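One chain follows as structure tokens, the form predicted alone.
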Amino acid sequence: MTVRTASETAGEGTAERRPPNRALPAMLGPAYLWLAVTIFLPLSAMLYFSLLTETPFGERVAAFTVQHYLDFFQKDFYQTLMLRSFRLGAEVTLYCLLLGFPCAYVLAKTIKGRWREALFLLIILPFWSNALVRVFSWTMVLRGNGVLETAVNWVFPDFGSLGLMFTYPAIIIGLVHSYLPYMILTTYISLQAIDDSLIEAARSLGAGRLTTLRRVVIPLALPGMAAGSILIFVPVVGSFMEPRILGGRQGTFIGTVIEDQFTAVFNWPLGAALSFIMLGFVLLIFALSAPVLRRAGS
């Protein structure tokens, strides 16, 4: 039988009667206010525009309608572009994962000291330049008689034209270059948290390098890989700058169509409706993959 002192009993009673922390709402208030201003208010405005017949500017008189949402399901053109955009997002995410995981593993478990800092600098260096500048830089590399084609023909004379510019692979290259650092950094964080003794224990028990990688390293790195995949997939689905500049006629996706509705056609209601439909499909995919993501993060 455990004997409890009076001080312990009094301490428990004080903990039970402890008033709520009144400073917590004051601390969280600015953050929630910022989210409301930067996220919910713009989304509310976009939802309002998506339900109008036309852009209510000037002398135009707009009425409420859901026809723009119905147009997406009635016209195969929009559905094809949506599927094409999700395919682009999946491919770019996959390539970033295949390239980013080895880089993150080398940074976390192989390279130490100043060399790691130098490589980190090279990884985040693209973020220091404007995204438009990065995309136009790729046009200098991929175009005919560009840097890449000249180098290939110098190594292999009479190789001919690569024909990469204004193609689907050119879009993939530009997007992978733009979003690869997200995968490297998030995966690096997960790999850095893995205790080296776990890897050494697996090897001491007879597991080879591939077995250790498959049974120990990758399962523990899944949270970072999942976070990087989300950070890449969502913006790539709605991307329009890289497809338009690097893809030419091959760069028509749902993101470029939405951008045209706002900047060229001036049909804001249709652009807003397509944006919400794309957002709905993204949320649906995340809802369906939630069990896998939850298992990866556990």
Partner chain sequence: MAAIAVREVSKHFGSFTALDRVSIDFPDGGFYALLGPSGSGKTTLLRIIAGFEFPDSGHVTVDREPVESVPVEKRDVGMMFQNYALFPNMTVFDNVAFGLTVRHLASDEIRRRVGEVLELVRLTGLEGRKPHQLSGGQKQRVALARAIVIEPRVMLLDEPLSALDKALRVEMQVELRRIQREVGITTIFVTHDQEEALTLSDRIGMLRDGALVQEGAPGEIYERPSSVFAATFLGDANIFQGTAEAGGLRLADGTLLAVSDNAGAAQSQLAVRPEKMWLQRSDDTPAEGTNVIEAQVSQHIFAGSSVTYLLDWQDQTLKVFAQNRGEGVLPLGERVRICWSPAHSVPVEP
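Keep in mind the model is a prediction, meaning the values are calculated, not measured. Numbering follows the first chain given and starts at 1.
Beyond what is shown, the protein has a form predicted together with the partner chain; the following relates to that form.
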Notebook entry, point to check: Wondering, does Gly206 line up within 4.5 Å of the partner chain in the predicted bound form on heavy atoms?
Noted result: yes
Margin query: Arg87 versus the partner chain, in the predicted bound form: is there a non-hydrogen atom within 4.5 Å?
Written below: no
Margin query: Check Lys75 for me: does it contact the partner chain in the predicted bound form (non-hydrogen atoms, 4.5 angstroms)?
Written below: no
Next item on the list: Using a 4.5 Å heavy atom cut-off, state whether Ala201 contacts the partner chain in the predicted bound form.
Entry: yes
Check: Which residue, Leu180, Leu162, Ala226, Leu220, has a heavy atom that falls within 4.5 Å of the partner chain in the predicted bound form?
Finding: Leu220
Check: Can you pick the one in Thr211, Gln192, Ser137, Asn153 that has a heavy atom within 4.5 Å of the partner chain in the predicted bound form?
Finding: Thr211
Next item on the list: Mind telling me which stretch in 113 to 121, 100 to 108, 127 to 135, 193 to 201 gets its heavy atoms within 4.5 Å of the partner chain in the predicted bound form?
Entry: 193 to 201
